[in-house]
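The data below hold one chain only, encoded as structure tokens and taken in the form predicted on its own.
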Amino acid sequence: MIDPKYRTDDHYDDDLSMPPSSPSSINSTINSTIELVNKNLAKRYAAEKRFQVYGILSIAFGLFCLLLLFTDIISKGIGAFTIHYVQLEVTFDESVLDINDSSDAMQLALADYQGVVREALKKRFPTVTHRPERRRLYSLVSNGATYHLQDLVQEDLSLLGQTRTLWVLLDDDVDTYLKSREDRSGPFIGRLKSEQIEWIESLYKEGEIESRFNRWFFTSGDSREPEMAGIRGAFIGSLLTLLVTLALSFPVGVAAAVYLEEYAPRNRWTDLIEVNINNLAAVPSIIFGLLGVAIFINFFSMPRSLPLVGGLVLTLMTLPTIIISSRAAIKAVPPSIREAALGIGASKMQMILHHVLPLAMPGMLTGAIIGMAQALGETAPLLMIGMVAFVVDIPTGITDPATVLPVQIFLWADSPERAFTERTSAAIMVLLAFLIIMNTLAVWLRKRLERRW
């Protein structure tokens, strides 16, 4: 017997009593549903097209800004790769040079080479007789000309007493004027006097001024004279600093990643370590500079402005990046590789060294190179440890005083001389080229060493 509460006879009878739907009403319902779906699809397609357009416009705007930035940097810095020289008849008069004994190396080093340059200028412009005018005439030639003449005499002592036609370096103000003389729309704004411009124009018309490749920019260190300033010291300082950083951060970072992924137990302590590593990757770089000052300089009493100290500070900064990328590369290795190695009798150490690390190495190297590129562009932590010092000599080791390219750019950008503007942009071009090469190397290594399974 059926319980009355489960009876549905009344409802069943009600359903049977309802009249059936007509075919026309069913078709109208279907058509309205299709129209509604098509309308919604049209809106969705339009929204998707707008989203694609927004994405394309964003990419185009980013590329435009990047192109504008590169154009501005290149247009300002391309002039630093050329420099102007003037042709002079130089007489290496021993009385002017104040050399009594040509075999004395000290006399050769301290000789008055600037005096013979002045004599050559007086011979070229004999009408300039007043002392103020002569000072302005002498200022047309750079102080670097004396070093050039000194090198020539020390290499060939037979030049003493002879007259040679030489090309000597012009001053930075003259170089700036000559580079802007053809494209300037108004009067030249600079420190040159009208009479100096007349002398320059006369030399230029006679073909005694020539533009050449600026070898000083790549072969010399920093200088207070813009025409003699170069990036060699900063470039070698950057290389030495990066070598120290790579030698310390890569093995330590890989070892930490292997321990955390393969050996460390999952507990609150390892979770705390992982959280701290992720947080350190987002810490401002100047904090690492303060840490370097407190530990390496104040506590260990290490000298400032050394590539060794800079490398130690940058190691602390790049370690989180290398550890995170190395852990991601180790995680990407399939578990079947580990199981297969252990299944054929390999120990855990053999499994890691012979199977996991070779497969994870492309990702590790990519992360390391990206970390090195990040370290190459850092300025704030190196400023804190004193690598902002004015260093003229080229460093030969990690314990020699040095600076780096970003700091050199910072120093030149703060200089009042107009010629340092193009040196700053040219140094930025070199730094960007270095970064592009490092990132290209990272992509190439990843493709070269990548293994498929």
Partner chain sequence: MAFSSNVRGNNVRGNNVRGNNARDSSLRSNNTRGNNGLRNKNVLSQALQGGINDYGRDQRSETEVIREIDTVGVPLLDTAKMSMRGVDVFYGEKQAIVDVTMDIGKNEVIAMIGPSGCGKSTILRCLNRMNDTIDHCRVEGGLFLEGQDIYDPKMDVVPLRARVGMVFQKPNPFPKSIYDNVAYGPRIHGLVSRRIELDEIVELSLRKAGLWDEVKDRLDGPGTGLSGGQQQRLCIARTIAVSPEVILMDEPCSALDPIATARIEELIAELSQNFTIAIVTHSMQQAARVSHRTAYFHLGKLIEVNDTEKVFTNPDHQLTEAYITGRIG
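Numbering follows the first chain given and starts at 1. Quantities reported herein were computed from a predicted structural model and do not represent experimental measurements.
Here the subject shifts to the form predicted together with its partner chain, a form of this protein not shown in this document.
Which residue among I337, I73, V258, L383 has a heavy atom within 4.5 angstroms of its partner chain in the model of the complex?
Contact residue from the list: I337.
Which of L248, L357, L152, A341 has a heavy atom within 4.5 Å of its partner chain in the model of the complex?
If I apply the 4.5 Å criterion carefully, the residue I get is A341.
Of the listed stretches (342-350, 288-296, 122-130, 154-162), which one has a non-hydrogen atom within 4.5 Å of its partner chain in the model of the complex?
Result for this chain: 342-350.
Is R266 close enough to its partner chain in the model of the complex to count, meaning some heavy atom within 4.5 Å?
Yes, R266 is a contact residue.
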